[in-house]
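Before any questions on how it binds or moves, here is one chain, the form predicted on its own, in structure tokens.
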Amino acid sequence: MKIITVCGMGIGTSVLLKMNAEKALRGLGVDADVEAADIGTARGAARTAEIVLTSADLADEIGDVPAKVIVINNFTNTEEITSKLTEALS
């Protein structure tokens, strides 16, 4: 499974979200390849990913992709990330 975490520049909050998503996935026992990306890279990468995690203001910019785009409100809240990933994976 491929998951993309997205922020505007691809170096700050997307890396934080990547680390927290990996932590959540470990807790769920899910094996996934998680990549951090900027919005420009994410548009292409999302075409081969199953899930995209991003903020509400960037979700619409990703465009029409086959990946499930999930809005994360608090990138540091592993409970929110775990909950939304659980819902997406079920």
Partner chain sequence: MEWLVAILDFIGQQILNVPAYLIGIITAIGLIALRRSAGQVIGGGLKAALGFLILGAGAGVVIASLDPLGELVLAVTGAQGVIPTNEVITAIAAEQYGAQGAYILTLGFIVMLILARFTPLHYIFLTGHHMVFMSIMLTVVLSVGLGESGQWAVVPLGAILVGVIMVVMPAFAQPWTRKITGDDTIAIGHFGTLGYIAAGASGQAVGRRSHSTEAINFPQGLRFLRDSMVATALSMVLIYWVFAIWGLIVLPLDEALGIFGSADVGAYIMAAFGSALQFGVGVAIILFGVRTVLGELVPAFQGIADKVVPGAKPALDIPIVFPYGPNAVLIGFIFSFIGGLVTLGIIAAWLNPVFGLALILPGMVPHFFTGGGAGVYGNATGGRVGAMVGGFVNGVLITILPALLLLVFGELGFENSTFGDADFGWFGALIGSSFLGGPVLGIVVSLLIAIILVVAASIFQRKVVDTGWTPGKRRDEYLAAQEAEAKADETASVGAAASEPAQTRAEAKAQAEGESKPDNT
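Note that this is a predicted model, so its numbers are computed, not measured. Positions refer to the first chain, counted from 1.
Omitted here: the form predicted together with the partner chain. The next part is about that form.
The partner chain in the predicted bound form comes within 4.5 Å of no heavy atom belonging to Lys68. The shortest heavy atom separation between Asp57 and the partner chain in the predicted bound form is within 4.5 Å. Among heavy atoms of Ala49, none comes within 4.5 Å of the partner chain in the predicted bound form. Not displayed here, the partner chain is kept clear of Ala45 by more than 4.5 Å at the level of heavy atoms in the predicted bound form. Within 4.5 angstroms of the partner chain in the predicted bound form, the stretch 65-81 places a non-hydrogen atom from each of Phe75, Thr76, taken in sequence order.
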